[in-house]
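A single chain, nothing else alongside it, follows as structure tokens in the form predicted on its own.
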Amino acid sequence: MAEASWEVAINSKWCKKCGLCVAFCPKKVLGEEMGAPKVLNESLCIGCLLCEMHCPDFAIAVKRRDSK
């Protein structure tokens, strides 16, 4: 399996579990587990940043991985 070119991180201390990041992810990288967002399949991330832009709590960060 190819390494993801994007890294998705959720800060659970800041997250209010509104679900906006999950709703706006076009590739279903994010899902919910026990009402909280969770990264399900990071390798599908296309780096569109929609989850990051729609998070009202700045609790999600998407960054490009350095190629090795």
Partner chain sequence: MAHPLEKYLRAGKLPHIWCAGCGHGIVTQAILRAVDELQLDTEKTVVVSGIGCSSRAPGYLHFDTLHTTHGRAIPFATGIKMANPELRVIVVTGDGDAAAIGGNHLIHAARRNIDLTVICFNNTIYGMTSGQYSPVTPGGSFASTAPYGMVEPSFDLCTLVAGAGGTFVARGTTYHARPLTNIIKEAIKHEGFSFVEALSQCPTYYGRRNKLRAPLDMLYWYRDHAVGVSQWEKLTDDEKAGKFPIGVLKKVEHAPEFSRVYSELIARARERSEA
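Numbering follows the first chain given and starts at 1. These numbers come from a predicted model, not from an experiment.
There is another form of this protein, the form predicted together with its partner chain, and it is not shown here; the text below is about that form.
Put simply, C55 is close to its partner chain in the predicted bound form: some heavy atom of it is within 4.5 Å. The closest heavy atom approach of A23 to its partner chain in the predicted bound form falls within 4.5 Å.
Its partner chain is not shown here, and in the predicted bound form it never comes within 4.5 Å of any heavy atom of C45. Taking its partner chain as it sits in the predicted bound form, the stretch 12-45 comes within 4.5 angstroms of it through a non-hydrogen atom at K13, W14, K16, C18, L20, A23, F24.
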